[in-house]
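Quick setup: one chain, the form predicted on its own, written in C-alpha cells, and binding and motion questions come after.
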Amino acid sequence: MKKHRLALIGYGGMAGWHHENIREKIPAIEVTGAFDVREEANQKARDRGLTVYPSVAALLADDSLDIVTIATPNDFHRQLAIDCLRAGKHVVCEKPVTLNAGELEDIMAVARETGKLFSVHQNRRWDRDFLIVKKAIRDGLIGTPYFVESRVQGSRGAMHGWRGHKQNGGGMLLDWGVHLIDQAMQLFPEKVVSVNAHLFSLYGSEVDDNIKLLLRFESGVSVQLEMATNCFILQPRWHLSGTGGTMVVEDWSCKGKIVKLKAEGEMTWEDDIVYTEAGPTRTMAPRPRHTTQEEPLPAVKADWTEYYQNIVNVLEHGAELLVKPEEALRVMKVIDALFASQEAGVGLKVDI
C-alpha cells in the first residue's frame, strides 16, 4: 500500500497530537518529518523518530513529501500555506486558517492555481457533544430549533503563550470562536443575516479573553456562543429550545437529556392565579410533571481522526472533501463581521 508522506511545520502541542493520532489510526499516511523554529520542539520531534529539517525551504524541497500540516502561530499560516502549495504539496492548516477572510482568499487562489488539496483542520466537527446536537436537530427530536446556546467555559485566566498576542492572531474569537462558529454554521447551513459581538479583555489589553456572540440565521434561528476564561459556575455545554421540546448537554462527558410534551400533555388556562415561589403567576408556574416525558440523548460515534481519513479518501478515491475552504471562508467572514460589531459597539446586519 502506497503511503502518503507528511511533514509538520510547527511541532508544538497540536502538532504532537497530529503526529501520534495519524501514526496510530491512519495507516495510509506516514508522518516522516518536522520543522520548528524552537530547538526544544525539534528535539522532541527527533526523539519521536522524525527527520528534522534545517529550514522550511529544505522541507519544501523534499520531493518525497505529499502533505504538509501547518501548526504554527496563526499569523504565519497564509504565507506558509501559499509556499507549500506552490512547492507541490497538499496542505492541511490548523485553525484559524488565517487572521481574516482576505488572507484565506489569497490561499484559495493559489490552491486553484496549483490544483492541490487545501483544507482546514476543523477537528471539532467530530466532537461527540456536537454530533449529538447535530443528530438531534436532523432527526427532529425537539421539533424546529429556534434558540441554541453553545458554551465553553473555564476559570484558568488569561490566554497563554502566543495566543495572548494580537500580532500572532491570538484571542478567544480566533481560538475557540472559530470552532463554535463553524459548528453553528454546520448545524444551520444557511445565510447568517446578523451578528453581535461582546468581546472582553479581562487579563490584558491585546486580545479578547471572555466573549459572547449572537448569530441570527436566515430562517430566524438564533445562536448564542459564549467562551469564558473567568467563569467559576459553569453552565451547560449546549442548551437548545425547539418547538417540540428542550435539550441540554451538560458537559464534555455528554450527560444530558431531552424533555418534551407528552401527546396528551397540552394544558389549558385556568382562571385562578397560581401561587409559586415566583409569586402569583400562571405563565411561570411549574408545568405538571405528568404532562412531559424525558428522553435520553441520541447515541453517536465520534473520532477526530476521521478528518485525516477523509483526506486520504479524497486523494485516493476522489471523495468529497469534508472541510472545504469555502466553508472556512464563510466562518472567517463572520469573524471579520464580529470584530466590526465589537468596534462599532452594535449588532450588524450581514449577508454571509
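Remember, it's a predicted structure, so these values are computed and weren't measured experimentally. Start at 1 with the first residue shown and count on from there.
Omitted from view is the form predicted in complex with a small molecule, to which the following refers.
Heavy atoms of no residue among Glu149, Asn196 and Glu226 are located within 4.5 Å of the small molecule in the model of the complex. Site annotation in the model of the complex: the residue of Asp83, Asp182, Asp175, Asp129 reaching within 4.5 Å of the small molecule with a heavy atom is Asp175.
Of the residues Thr114, Ser119, Asn210, Thr72, just one reaches the small molecule in the model of the complex with a heavy atom at 4.5 Å or closer; this is Thr72.
Contact annotation for Ala41: at least one heavy atom lies within 4.5 Å of the small molecule in the model of the complex.
The closest non-hydrogen atom of Pro96 lies within 4.5 Å of the small molecule in the model of the complex. In the model of the complex, no heavy atom of Arg237 sits within 4.5 Å of the small molecule. Interface residue remark: His77 is counted as part of the site for the small molecule in the model of the complex, having a heavy atom within 4.5 Å. Listed stretches are 184 to 192, 156 to 164, 254 to 262, 226 to 234; the contact stretch with the small molecule in the model of the complex is 156 to 164, by a heavy atom cutoff of 4.5 Å.
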